[in-house]
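A single chain comes next, written as structure tokens; it is the form predicted on its own.
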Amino acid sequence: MAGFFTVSIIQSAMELGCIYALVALALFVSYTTLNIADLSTDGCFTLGCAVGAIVTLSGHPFLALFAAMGAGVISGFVTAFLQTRLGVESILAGIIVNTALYTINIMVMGFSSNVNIFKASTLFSIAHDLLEGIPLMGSWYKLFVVLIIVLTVGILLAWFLNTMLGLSIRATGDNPSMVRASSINPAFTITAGLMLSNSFTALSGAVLAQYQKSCDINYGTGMVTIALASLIIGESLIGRGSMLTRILGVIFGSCLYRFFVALALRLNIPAESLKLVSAVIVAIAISFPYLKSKIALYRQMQEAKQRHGEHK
């Protein structure tokens, strides 16, 4: 097994796991907390990637992250506006925004399907120059950068969801009628929640653009599946707990998902089949709590039969 998983494979899985964990955290806000299926994730991820790449090319790698988050906020606002003001169903609103974002992303990228930023300075190249002389950091600088970003976002998200606005957003997902009866405007909380979640999705795209040193119009394809798999794996393994514990569980689930993908690649599964592998992982992860309860019920029934037989 030591030869099966090399250090470089483990390192790459952790790096990509932390980057995609930002999208999983976005779904944690929209899907788990607000109970809204936001299907604009794919387009919003590419939007963040495109904006991040263009701003990075202009020589501002740090500003690129905030610019991408700003673009994600706008995307989330439009999605929420369709739902709360125009009465469009959440799934349809996500599809509409996702479709529109394809053209917008092409426009942001200068009507090109890809953008190359190999010659631009990125967060990772800056970190490499700063940490080059430090033992062990020379080869792990990328993981160091993404860990700082995802842990900072995770801690801030845990804090925010325990504020008054954060509690209102959580209550909206649990019981919109109760929230409305409490003089809280659910349209506002839904808008705030979707703007927040889309900013995380766009941030993930911007970080990936600097990590890959490129942006492609197809980078966001299947991002909902990847994030949903990571989210459900984390929630299935960690279960309930404090908000920070659940968020760290989502990050752990994202890294674990990337290990599953790395395992598939090591088993020589064609790259074209990775989407199928992702779908299988999602199906297993979703059904795991149900199967777990069924197995526990089966064991209880067997124990009851044994006790009944002993009494006879």
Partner chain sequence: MLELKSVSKTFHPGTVNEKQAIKKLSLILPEGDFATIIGSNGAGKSTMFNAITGNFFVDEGEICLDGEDITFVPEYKRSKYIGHLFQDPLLGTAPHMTIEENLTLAYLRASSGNKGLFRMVKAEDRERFWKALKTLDMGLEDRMKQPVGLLSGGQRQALTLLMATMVRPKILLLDEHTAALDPATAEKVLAQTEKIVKEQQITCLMVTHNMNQALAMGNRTIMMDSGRIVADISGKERENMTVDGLLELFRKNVGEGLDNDRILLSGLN
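Note that the structure is predicted; figures quoted are calculated from it, not measured. Numbering follows the first chain given and starts at 1.
Just so it is clear, the following notes concern the form predicted in complex with its partner chain, a form of the same protein that is not shown.
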Worksheet, complete the sentence: its partner chain in the predicted bound form has a heavy atom of only one listed residue within 4.5 Å, and of 139, 175, 116, 225 that residue is 175
Discussion item. Using a 4.5 Å heavy atom cut-off, which residue among 96, 131, 171, 238 comes into contact with its partner chain in the predicted bound form?
Written reply: 171
Practice prompt. From the candidate stretches 207-215, 102-110, 179-187, 228-236, select the single one in contact with its partner chain in the predicted bound form, where contact means a heavy atom within 4.5 Å.
Written response: 179-187
Worksheet item: Taking 4.5 angstroms as the cut-off for heavy atoms, does residue 163 touch its partner chain in the predicted bound form?
Response: yes
Worksheet item: Taking heavy atoms only, is residue 151 within 4.5 angstroms of its partner chain in the predicted bound form?
Response: no
Worksheet item: Counting only non-hydrogen atoms and a 4.5 angstroms cut-off, does residue 126 reach its partner chain in the predicted bound form?
Response: no
Worksheet item: How about residue 159: is it within 4.5 Å of its partner chain in the predicted bound form, going by heavy atoms?
Response: yes
Worksheet item: Judged by heavy atom distances of 4.5 Å or less, which residues of 35-59 approach its partner chain in the predicted bound form?
Response: none
